[in-house]
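A single chain, nothing else alongside it, follows as structure tokens in the form predicted alone.
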Amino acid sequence: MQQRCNKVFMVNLLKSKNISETPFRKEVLEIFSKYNNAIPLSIVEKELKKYNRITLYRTIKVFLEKGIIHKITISGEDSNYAICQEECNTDAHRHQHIHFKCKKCKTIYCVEINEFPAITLPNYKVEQLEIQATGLCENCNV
């Protein structure tokens, strides 16, 4: 996923999602935008200069609900978060990527793919599909 540290982008993103632009929300969004990979909440907490834990959790909840970030939960791991693509909104997250965890460096990436597999299950309506993979990332696979 592409880095997006541009402050204008962040302000426009908050406006486009009808979210009030508070200094704290901008700071949290700036932290997420510095990473090309998913990060745990502990990194956000460590990088915040000063914060109230309840305000942080509320901000994360709003960002999730409005389609600014998405949550990645890999079995046996803490949750990680990454910035969404522009297509995500309040109704749904529209991701066409695989969540990949490197076994060596432990980093979790959102890896874009050209075509997401279609799965049909008789008598079921699939509304969301998530694919997770593990192995060596391009940096560790040298």
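Residue indices: 1-based, along the sequence shown. Each form is matched to the other, and the largest set of C-alpha atoms that superpose within 1.5 Å is called the rigid core. As the structure is a computational prediction, the values presented were derived from the model and not from experiment.
This next part talks about the form predicted together with a further copy of the same chain, which is not shown.
- Though the partner is left out of this view, F100 does reach within 4.5 Å of a further copy of the same chain in the predicted complex, counting heavy atoms only.
- Among residues of the shown chain, T73 is one whose heavy atoms approach a further copy of the same chain to within 4.5 Å in the predicted complex.
- In the predicted complex, F32 stays away from a further copy of the same chain, with no heavy atom inside 4.5 Å.
- Not displayed here, a further copy of the same chain is approached by Q132 to within 4.5 Å at the level of heavy atoms in the predicted complex.
- In short, of 22-30, 111-119, 55-63, 39-47 it is 111-119 that has heavy atoms within 4.5 Å of a further copy of the same chain in the predicted complex.
- Residues from 123-141 that approach a further copy of the same chain in the predicted complex with a non-hydrogen atom closer than or equal to 4.5 Å are N123, Y124, K125, V126, E127, Q128, L129, E130, I131, Q132, A133, T134, G135, L136, C137, E138, N141, in the order they occur in the chain.
- In the core-superposed comparison between the shown form and the other one, F116 has its Cα shifted by at least 2 Å.
- After superposition on the rigid core, displacement of the C-alpha of A133 between the shown form and the other one stays below 2 Å.
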